[in-house]
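Presented as structure tokens, the chain that follows is alone, the form predicted on its own.
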């Protein structure tokens, strides 16, 4: 929990004193991590999904109880954010509002993105399918990626997403 609070101070220059208590992203992550995800892992039916839907109503952030979220996630604003059941999110990631980490509706098993450590995902980005996003990746606002892995240390923008920076050098590479 403290890592998530630190993430707010690290990523939002507008936060002062105890204002972190007002962040809907913190509320959604807290309830996910310490209630709905634990009940989901205990294989308790219905209740974890009910809790996640209540949090969606209260915060505008939908986190499936099965999603695995590491420490230090910062969801700024959060409205319209969707995190699917088999999503994995690494440490110290940042997501802005209206981000979708979803499936294509065609897979079974692992069907949502796996996000590395220190990943930034801009407003309105849509990542669909069982892809892997490497560490230290920046995904631009309104970027669309479907079933394409993204290597570490790069920046991806556009629809469809293209690598525009790789290891601090400008490039223009189609995702494979």
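From a predicted model like this one, the values you see are computed outputs, not experimental measurements. Positions refer to the first chain, counted from 1.
A second form of this protein, the form predicted together with another copy of the chain, is not displayed here; the remarks below concern that form.
- Another copy of the chain is not drawn, but in the model of the complex it has no heavy atom within 4.5 Å of residue 91.
- When another copy of the chain is considered in the model of the complex, residue 72 lies well away from it, no heavy atom lying within 4.5 Å.
- Taking the partner from elsewhere, residue 56 is found to have a heavy atom lying within 4.5 Å of another copy of the chain in the model of the complex.
- Although the partner is absent here, residue 142 sits close enough that one of its heavy atoms falls within 4.5 Å of another copy of the chain in the model of the complex.
- Taking a 4.5 Å heavy atom cutoff to another copy of the chain in the model of the complex, the contact residue among 129, 151, 116, 60 is 60.
- Residues 56, 57, 58, 59, 60, 62, 64, 77, 78, 79, 80, 82, 85 are the members of 56-94 with a non-hydrogen atom no more than 4.5 angstroms from another copy of the chain in the model of the complex.
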